[in-house]
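The chain below stands alone and is given as structure tokens, in the form predicted on its own.
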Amino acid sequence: MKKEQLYEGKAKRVFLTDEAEALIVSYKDDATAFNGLKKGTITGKGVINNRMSNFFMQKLEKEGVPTHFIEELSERETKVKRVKIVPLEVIVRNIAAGSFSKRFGVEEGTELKNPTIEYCLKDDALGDPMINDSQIFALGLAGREELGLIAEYTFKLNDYLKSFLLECGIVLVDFKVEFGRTSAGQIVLADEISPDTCRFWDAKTREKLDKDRFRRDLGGVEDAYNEVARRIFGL
């Protein structure tokens, strides 16, 4: 049973339940970019992101990536394991885009010779600065074994998602995920997998099918989200 709201983020609300180790996540249609400086609404995205995240999490569990998923309750709400979030944003890139292109002077769309992984401190007030392994250990944000698992799970996620999406005519450019610790100390994937958190490009035209359409005022945002859902679910 859903109880009082515990937390509200940019894209989701989190509620307590009558189970100590379970929460309910409710997906919103609110959209933000540039650390909340740009705000708007993408009609229907909460429904798409909820379903898509749950679909992939169940697939990833079979691939050896533990997640916080328990049960989809409705088109917008999902029951998840209660975790303590590791305060890191974990980013994998297969193709140069966005901030990677700007930082390293690499033309957007350049295929990288191997997937890259980077970490950012999850802190909006500080602008989510990049952070390296030794800094993570020095600040006690995660242990060596934990960070090793996070990297292992993230690359497994990348391999699976790239292959699955390519069959749908979608290229996985990059993505951001977060992890959490259960009460037993297990590291699990605890974030959504959606056009909000991934860059999806059409495999033939390289048309953007993700939140970049909102960030860059390209228009057709709802159409892009619906197109990704159509290809994945055959809607």
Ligand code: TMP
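Not measured: the values here are computed from a predicted model. Just count from 1 along the sequence shown to find any residue number.
Another form, the form predicted together with ligand TMP, is not on view; read the next lines as being about it.
For the three residues R93, K176 and T197, a heavy atom within 4.5 Å of ligand TMP turns up in the predicted complex in every case. Proximity to ligand TMP in the predicted complex, defined as a heavy atom within 4.5 Å, holds among F155, F100, F164, F137 only for F100.
Residues within 4.5 angstroms of ligand TMP in the predicted complex, judged by any non-hydrogen atom, belong to 84-92 and to none of the other stretches in 84-92, 69-77, 109-117, 142-150.
Taking the partner from the other structure, ligand TMP in the predicted complex has a heavy atom within 4.5 Å of a heavy atom of R215.
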